[in-house]
Ligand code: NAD
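For reference, the chain that follows is the form predicted alone, supplied as structure tokens.
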Amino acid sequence: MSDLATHQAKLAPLLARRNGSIVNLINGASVPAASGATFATTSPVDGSHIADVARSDAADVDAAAKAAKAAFPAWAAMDGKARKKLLHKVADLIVERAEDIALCECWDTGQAYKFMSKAALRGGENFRFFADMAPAARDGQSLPTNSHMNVTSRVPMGPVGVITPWNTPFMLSTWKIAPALAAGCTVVHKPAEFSPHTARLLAEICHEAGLPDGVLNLVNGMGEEAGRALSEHPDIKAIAFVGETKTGSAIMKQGADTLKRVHFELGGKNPVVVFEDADLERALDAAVFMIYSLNGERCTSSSRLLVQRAIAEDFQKKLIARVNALKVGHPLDPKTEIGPLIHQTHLDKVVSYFDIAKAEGASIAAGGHAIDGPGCYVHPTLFTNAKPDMRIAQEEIFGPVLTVIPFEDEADALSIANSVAYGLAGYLWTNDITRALRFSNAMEAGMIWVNSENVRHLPTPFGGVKSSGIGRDGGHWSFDFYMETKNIAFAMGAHKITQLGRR
């Protein structure tokens, strides 16, 4: 039996186990939407029906928020070491079920097994990392003066909402939920409607690990219904969101009346800048990996290639050959590098940029069309002869599409790199360390990798500037979001108090 056939055989019972339905998990109980409404999800692989999913509304969100509120005092008061033990159990179960998670993720999203098998395990790493931080989550500082001893501490802020996207949804869910739980917050999770399957798996794993009822609640539904209700609910103290910039703006407005704290990881149009003195073979590997892996459906993808004109022609020839050699195929085939895009709607959006590129005067050097047949497949695409002000160089396409833009010198490269509305990530290739420092300092991005692809180190801050987001994930930056900091000032002896009203 081939690896593809083996994976298909393992997936079948995982899908059958749900009897074609995915329901909510509220206060430890599996429940349909109160209205009984559902919506259907289909696989981008072949358009087949996956499940009828609970279409939650404000009533379901209210029930989940109340459950989270009721569970919060005990969970927040639990000793950090006890939370650590529970979250490590979650991590253990994620590792045990990593293959199940990866197979379901592939079928739900179209992402290649080559990458999802690693993403599932990274979800376990996320839980383990923040579990280890839980005992010290409340730690603060001693800030003495001559008259007072100031002692700071952190306390969990309360129930929080987590709204996650359809691209690598399991891993991104753990990035948000693990630190929230470690901090002592309770959670209401609203996953993307296009990819709800692994959110349900995560909720079940947490329940099996022994998380108390109400600590993690799952509410499925549409953004304009369940998502909006979560953003507006008065018992939800903060919203952590990953997704489109436009949606982040809407959430900010919806949470304004209740003064919601927000953390947004939004869009990107990230540059990879290659100077003529770079290690060009490594830069080529990184440029291909950072846009064509994960179907190009990730916020940190390097969708703009800025290459110095002196080397542009040769670099571009090698790039075209690499793009044409990429293997597009069934996501459960371990040899597949690019699977189908998430949904027909998204495929249509990505394909629309092929005509836009031609109309703007760019060339399509590779790909440039969808693949006929069932499923949402598209050829990996490369635009050349592009200019910085073209739509293909300014707008987030969010697919396996790379735009090449030549530059003359460092000043020109910096101007092009900073010429977009986004500022999430940047990638810089040069062997001149002085230039690397100078350029990185001037680049408008929250994260920059020099002579490297995107390598995530969990203690470091993750987030963007401009239209790419608000706030940072990672290490204590996550706790800064999910916790409130308080200061207590103790008088040191009988210091003099200003007297008012005494005669």
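The structure presented is a predicted model; accordingly, all values stated were derived computationally and were not measured. Residue positions are given as counts along the sequence shown, with the first one as 1.
Keep in mind the form predicted together with ligand NAD is missing from the figure; the text below concerns it.
- Contact annotation for F462: at least one heavy atom lies within 4.5 Å of ligand NAD in the model of the complex.
- At a distance threshold of 4.5 angstroms between non-hydrogen atoms, E244 is in contact with ligand NAD in the model of the complex.
- Taking non-hydrogen atoms only, E265 approaches ligand NAD to within 4.5 angstroms in the model of the complex.
- Contact check for L424: a non-hydrogen atom falls within 4.5 Å of ligand NAD in the model of the complex.
- Residues placing heavy atoms within 4.5 Å of ligand NAD in the model of the complex fall in a single listed stretch, namely 160-168, out of 353-361, 406-414, 124-132, 160-168.
- This chain is displayed alone, yet in the model of the complex one of A278, C299, L319, A286 has a heavy atom within 4.5 Å of ligand NAD; that residue is C299.
- Checking V95, V151, A250, V328 against ligand NAD in the model of the complex, a heavy atom within 4.5 Å turns up for just one residue: A250.
- Within 4.5 angstroms of ligand NAD in the model of the complex, the stretch 187-213 places a non-hydrogen atom from each of K190, P191, A192, E193, taken in sequence order.
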